[in-house]
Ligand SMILES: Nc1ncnc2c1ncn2[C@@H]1O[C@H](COP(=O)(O)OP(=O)(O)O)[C@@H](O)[C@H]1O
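Shown here is one chain on its own, the form predicted on its own, set out as structure tokens.
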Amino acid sequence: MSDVSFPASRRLDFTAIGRLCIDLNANEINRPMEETMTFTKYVGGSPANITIGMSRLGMKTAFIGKIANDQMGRFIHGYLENNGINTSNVVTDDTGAVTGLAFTEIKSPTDCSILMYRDHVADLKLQPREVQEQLIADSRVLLISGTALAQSPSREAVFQALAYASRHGAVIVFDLDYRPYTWTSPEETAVYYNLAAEKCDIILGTREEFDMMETFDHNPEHSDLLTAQKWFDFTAKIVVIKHGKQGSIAYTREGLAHRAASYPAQVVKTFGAGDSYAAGFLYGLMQGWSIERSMGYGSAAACIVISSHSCSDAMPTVEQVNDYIERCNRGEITVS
């Protein structure tokens, strides 16, 4: 069992706030962006992907965000609806803002990059007054992601959502999701990330993202334990620090470090792994599983997504994750 106690019997299991955008994934893989001619369109944005992942795993989900009043915005709205996600707090922008675009380059299974277009995007126009308190009160979990803190008014909207979640006892999850191109400076980033993290029960991020948060801290050895202990002085109960291929470490208030076995994958691309991991990990915790089992489930979900061309479309069901784990245990899936 984990140290996190989720409220029981609420209308919604999981609600996220933040980025809704379009992923345009390269069809011609194993070549640079300059030589890529065609792309396939998917819904993207880390909090959106995690919500889609949770919905595919059978959770009752909702999203709080803002979309552009254009064809891309309508595509996003329809996709969320078709995946069973409550869109009652997905607001349509009326200022002429556009939908953010992420073009992905797949040079090789280990060499992938993203070219982002994030100027005047609708998701960063979400107003604090547009966040529905009742939706958060009806949710067992609220997930925020770091990109939504990058600009006002979205930044204030997130802090308002945090206040509602705290008021109504929802478990608050922070997916660090650091994208430097949306921020003015590392100092600004560190300050707002830290202010948000102080209010969160579960924090998930890469070692590099935590390094950014420690711009004003003293952790020259980049100690994971020192990083985690800082947040246990606030409200955090679990801090997950991801180290890529080396796997993840989850720290709890007792000072315990939890690891889980990793699974092999036929890797197509690397992006999307963190979102599917988060969905699988949080799903496990919400089932009352141990941290190790939840981490393993997240790892298996991540392997499925990085073995696919898409992120959102590839988010697996419970049956698919269970089948993948069983096939790995039988030795039917190996590293490509």
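For clarity, every value in this text was computed on a predicted model and none was experimentally measured. Quick note: we count residues from 1 along the sequence shown, nothing fancier.
One more form of this protein, predicted together with this ligand, exists but is not displayed; see below.
Contact between residue 62 and this ligand in the model of the complex is not found at the 4.5 Å heavy atom cutoff. The closest heavy atom approach of residue 55 to this ligand in the model of the complex falls outside 4.5 Å. Using a 4.5 Å cutoff between non-hydrogen atoms, residue 212 does not count as a contact of this ligand in the model of the complex. Although the partner is absent here, residue 299 lies within 4.5 Å of this ligand in the model of the complex, judged by heavy atoms. Checked against this ligand in the model of the complex, the residues 26, 68, 285, 303 give one hit for a heavy atom within 4.5 Å, which is 303.
In terms of contact with this ligand in the model of the complex, the residue from 164, 263, 183, 192 that brings a heavy atom within 4.5 Å is 263. Contact with this ligand in the model of the complex, judged as any non-hydrogen atom within 4.5 angstroms, is confined among 164 to 172, 218 to 226, 244 to 252, 149 to 157 to 244 to 252. For the three marked residues, 206, 273 and 277, a heavy atom of each sits within 4.5 Å of this ligand in the model of the complex.
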